[in-house]
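Next up: a single chain in structure tokens, the form predicted on its own.
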């Protein structure tokens, strides 16, 4: 039987819960195993309850599991909240120096051992070593990771961590745990990364040169990842005083010819709405990532949702074209973000990318290295490409709706841009005839934009029952379909990454012939199902909706499908 186990590490914020998960993932990567991790935490710096769940397998996994093999409880609350998740034969390591052993709970004094090694801060290393020992990992693998992680630090830091690792291993000697039979000592070392990192790397691949942001969970990780590359790329990342400033700063940078990005959450995007409209009427290409969380207002600041689809599609008053994307994997996020910059430049429109807390903070194993575009082409013109630069018209009326875009102050070409309705030369106007002409010109871009939208992708396209999903639910829905098929249900799925302009013809082809369509979404009103019906006339038979701020588990989807009948 193959390897597929789940570990949950829980405790208070500030106890290093995430660090344990990351260290375990690093060791598993060293052994050639696959991992998938989710990070669940409250909106507070210390206290409360947080947990990190890591799934370890010898095959690709892209979804969390609702039952766990090993529970590491750094406090009593974790045992109380997660005990029912333990599988038969599962084990819990509870931080305790004096509790009596009672199956399936084994007391391990993580913090006492940490103090013996040098301080409470080492408790996460003790817990990691104990978990790895129970899983049968070779003893030197954690030390190898610790040497790599603390390279350049003082020798005492490394020595204390290695001592903590030895104490953690010794503390679980004699405890039986048969989660993993034969642990691979080495294997192909695949890349592991969080969704936020994939988005930031995609921005670099798309030649992003300027990024401005105001910190807002769960988008901050994207910009922090991007900022870490400033010394190695021609890139400036600036923290603005608020989201309004950030959005206007990237419009200004793009006007000057620099590909620009901001990232925020739904509340921050609300503040950016006026700037989105300015980009729309001034035909300035920008990319905005909206990392969704439950609302309205502050809502659940560190939880996940898919409820901003209609918001981004209609942000800004009146009508103007924009792209909307919703990647479902790190590979898609990387490629889509890079492509968003190119498409925004090509059509001179805003490109909006929808992700969420679950996607940004989850840890993925990548099968192959991410491949950057071989060449990024500029979409601007200069004096040399014009017969007479003095005749330049920024908003020239064209059949495609795309006007020639020049960079200001780069030659004799005079660039005039206006946030009011304007003439072809950029001066404002209130002419009824020109107003109609400009609205029609901008709308003509939609023909070309629609041709660049990619069709949905999925598995088992001829299945009688087809699940429809978009964005981050891709991995969960894909696993749910395989579970259904293993149970004899003729199920398949279709995932939408390119959402607007809606790929209606491709959607109709992908969903044709299905006996039953089921839409899976993390909002309360089935926003995508409504969009699908609006654009194609296709009505889904059922919806599977979750909007409690927590991610889907595959079995939840399986149970919902089975409840509706085959």
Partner chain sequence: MACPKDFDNSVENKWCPGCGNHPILQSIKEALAQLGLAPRDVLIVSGIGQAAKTPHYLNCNFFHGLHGRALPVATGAKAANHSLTILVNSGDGDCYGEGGNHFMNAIRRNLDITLLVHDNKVYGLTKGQASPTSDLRMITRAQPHGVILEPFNPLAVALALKAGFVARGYAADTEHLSMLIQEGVRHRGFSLIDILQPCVSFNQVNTYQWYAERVYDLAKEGHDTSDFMAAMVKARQWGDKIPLGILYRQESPSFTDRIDGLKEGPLTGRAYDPARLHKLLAEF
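It should be emphasised that the depicted structure is a prediction, and the values quoted were computed from it without experimental measurement. Positions refer to the first chain, counted from 1.
Just so you know, the form predicted together with its partner chain exists too; it's not on screen, but the next bit is about it.
Visitor: So which of 172, 105, 415, 117 gets a non-hydrogen atom within 4.5 Å of its partner chain in the predicted bound form?
Guide: So the residue touching its partner chain in the predicted bound form, by this definition, is 415.
Visitor: Which residue, 426, 455, 461, 389, is the contact with its partner chain in the predicted bound form, using a 4.5 Å heavy atom cutoff?
Guide: Contact with its partner chain in the predicted bound form is made by 426 alone.
Visitor: Within 4.5 Å, heavy atoms only, one stretch in 490-498, 363-371, 90-98, 133-141 touches its partner chain in the predicted bound form. Which?
Guide: Heavy-atom contact with the partner occurs in 363-371.
Visitor: For residue 152, is any heavy atom within 4.5 Å of its partner chain in the predicted bound form, or not?
Guide: Contact with its partner chain, no.
Visitor: Although the partner isn't part of this model, could you tell me whether residue 420 comes within 4.5 Å of its partner chain in the predicted bound form, counting any heavy atom of the residue?
Guide: Residue 420 belongs to the contact set for its partner chain.
Visitor: Just checking whether residue 229 would be counted as a contact of its partner chain in the predicted bound form - the rule being heavy atoms within 4.5 angstroms.
Guide: Contact with its partner chain, yes.
Visitor: Please tell me whether any heavy atom belonging to residue 275 falls inside 4.5 Å of a heavy atom of its partner chain, as the geometry stands in the predicted bound form.
Guide: Yes, contact at 4.5 Å.
Visitor: Residue by residue through 269-304, which ones have a non-hydrogen atom no more than 4.5 angstroms from its partner chain in the predicted bound form?
Guide: Contacting residues: 271, 274, 275, 278, 282, 284, 297, 298.
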